[in-house]
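Next comes just one chain, in structure tokens: the form predicted on its own.
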Amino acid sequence: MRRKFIHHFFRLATGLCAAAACAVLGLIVWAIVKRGWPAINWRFFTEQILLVGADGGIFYNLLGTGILLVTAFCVSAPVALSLALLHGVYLPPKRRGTLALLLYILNGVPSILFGIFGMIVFVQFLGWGKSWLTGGILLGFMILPTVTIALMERISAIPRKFGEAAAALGLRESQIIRAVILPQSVGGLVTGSLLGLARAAGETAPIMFTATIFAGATMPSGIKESPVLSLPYHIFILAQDSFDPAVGSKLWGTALTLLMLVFLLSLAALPARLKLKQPAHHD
């Protein structure tokens, strides 16, 4: 009887906690949508910033954010694939936990430390100044644990009989990787990348000193001294001048746009994530 009561109590408590978290999230989304929707129109997405954010749109902010995210994906995907193959194929089982631990530690590093590292290494030591490439590299390494762990889970879920059948046909280890493991792990790469990019899209600290400015940038023309505009930094700057009603409207509109971008990336990752969580049967 006592165990049954404890079971129901914890079930009720977890349900209430989940409901409270969803309610807080719902209130935040509702507040952003209510205040940001009046600013959403075609002009807002197709024009550049005017009058220090009080007029115009966020076209180049969207473009700059896209450039940073694409660069982050190009940086993180090959490194994550290499680490996942190292974990699932080449490392002995006793040492796999060490690699996973290092990834979790990297995932817990505060984002501002990535920004400081980038400023010291790329901006000052290499002399790049503010550069879109620096921002993409930093964001790529920020999302590396997310992408790698999703790939590791996917590789570990591949039925063992697939590899055994390939080995029985005389395929070498490298051929098994190309013919069996890589095609089967694409879903993990897509899932991890989309979830990581959803996080990277809202990061301000890694790029504010290294890759982005508030106004004056369009398309990057090189690597050195070639910053871009971005959505999160735009929100950060406008929030300091939000007492102006015109600026406040653009602030909430930009916040709603960023929220929609993150939502779309997370939604796109959901089908692959659900498939990844399906139990695999190992023979």
Partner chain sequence: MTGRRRWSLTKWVSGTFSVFALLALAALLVLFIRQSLPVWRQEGWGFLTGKRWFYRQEEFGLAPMLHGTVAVALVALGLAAPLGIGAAIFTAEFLSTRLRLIVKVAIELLAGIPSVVYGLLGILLLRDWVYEAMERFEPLSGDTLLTGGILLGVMILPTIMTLSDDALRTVPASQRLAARALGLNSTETVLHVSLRQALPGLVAAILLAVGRACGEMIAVFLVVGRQDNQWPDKLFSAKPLLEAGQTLSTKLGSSETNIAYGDPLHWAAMVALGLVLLALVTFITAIGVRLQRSPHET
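Residue numbers count along the first chain shown, from 1. These figures come from a predicted structure and were not determined experimentally.
There is another form of the same protein, the form predicted together with its partner chain; it is not shown, and what comes next is about it.
Student: Give a yes or no for Pro183: in the predicted bound form, does one of its heavy atoms lie within 4.5 Å of a heavy atom belonging to its partner chain?
Tutor: Outside the cut-off, so no.
Student: How about Pro232 - does it come within 4.5 Å of its partner chain in the predicted bound form, if we only consider non-hydrogen atoms?
Tutor: Flag for Pro232 set to yes.
Student: Answer with yes or no whether Phe236 is in contact with its partner chain in the predicted bound form, where contact means some heavy atom within 4.5 Å.
Tutor: Yes - in the predicted bound form, heavy atoms of Phe236 and its partner chain come within 4.5 Å of each other.
Student: At the 4.5 Å heavy atom threshold, is Val29 in contact with its partner chain in the predicted bound form?
Tutor: Yes - in the predicted bound form, heavy atoms of Val29 and its partner chain come within 4.5 Å of each other.
Student: Within 8 to 28, which residues come within 4.5 Å of its partner chain in the predicted bound form, counting heavy atoms only?
Tutor: Phe10, Arg11, Thr14, Gly15, Cys17, Ala18, Ala20, Ala21, Cys22, Val24, Leu25, Ile28 sit within 4.5 Å of the partner.
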